[in-house]
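Below you will find one chain, with nothing else, as structure tokens; this is the form predicted on its own, and questions on how it binds or moves follow later.
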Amino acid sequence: MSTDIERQWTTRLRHRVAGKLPPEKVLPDTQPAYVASWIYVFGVATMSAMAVVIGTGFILALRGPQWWHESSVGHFVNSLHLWSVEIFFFAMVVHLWGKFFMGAWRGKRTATWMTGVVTFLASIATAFTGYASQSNFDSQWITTQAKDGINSTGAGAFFNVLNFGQMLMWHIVLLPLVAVILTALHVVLVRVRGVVPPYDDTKKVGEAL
């Protein structure tokens, strides 16, 4: 009976996940000493800003454009959404450049690096659809200037930037879902492979904070 249980796909998957992600990796209480460097902070700052973006975006989606254009509270939440996006991209760019110069793909971390890069690209598309969803003169200008370039690629048949409803749904559903899934995968891969050490690390990798 035990042999049959061991052959089940759920049992095999559980053993594989437990082997790759034991509790001490999922929720570590120590980190290598080199993580004390400021360059490692920007990844966490990116995720923190992302949480604020999602929270404020959730409120804006519930209340709608009329609220964020005319209500003082709506203006405030909309401003929080905007500035959290600004912080998100600033922290992510610093994080990406820092990891690029650190060679973050070293030590079988190629998938970790690539999920970060693709998340950045998905975030750019998310931000663009956000600008296209403002329902004001800025969004009209942005979309009318972008439509010709997008139509020249043939993508305009599927991605109509002048369609407010389509842009809003891309912005609040599809692209954020992609970004969140990729971010979660990125964090899991960091937990599996560990944080990449600097090139000139003089401290022992096993030395904890």
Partner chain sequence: MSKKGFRPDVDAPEWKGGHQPYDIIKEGTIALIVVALLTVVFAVMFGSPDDKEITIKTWANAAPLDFAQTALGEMNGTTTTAGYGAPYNTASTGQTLGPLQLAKWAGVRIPINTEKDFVIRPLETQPYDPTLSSALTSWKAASSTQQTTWVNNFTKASNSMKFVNGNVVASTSDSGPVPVFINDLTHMARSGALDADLISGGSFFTTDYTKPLLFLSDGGYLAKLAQDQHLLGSQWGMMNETNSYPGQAWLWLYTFWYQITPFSSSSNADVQVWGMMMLLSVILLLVPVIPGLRALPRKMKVYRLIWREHYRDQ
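Positions refer to the first chain, counted from 1. Quick caveat, the model's predicted, so the values are computed rather than measured.
Separately, the form predicted in complex with its partner chain exists; it is not shown, and the next lines address it.
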Looking at the partner-bound form in the predicted complex, is residue 194 within 4.5 Å of its partner chain by any heavy atom?
no
Does at least one non-hydrogen atom of residue 40 fall within 4.5 angstroms of its partner chain in the predicted complex?
yes
Considering only heavy atoms, tell me if residue 32 and its partner chain come within 4.5 Å of each other in the predicted complex.
yes
Considering only heavy atoms, tell me if residue 63 and its partner chain come within 4.5 Å of each other in the predicted complex.
no
Looking at 51, 59, 181, 174 here, can you tell me which has any non-hydrogen atom within 4.5 angstroms of its partner chain in the predicted complex?
51
Which residues from 146 to 161 come close to its partner chain in the predicted complex, meaning a heavy atom within 4.5 Å?
146, 147, 148, 149, 150, 151, 152, 153, 154, 156, 157, 158, 160
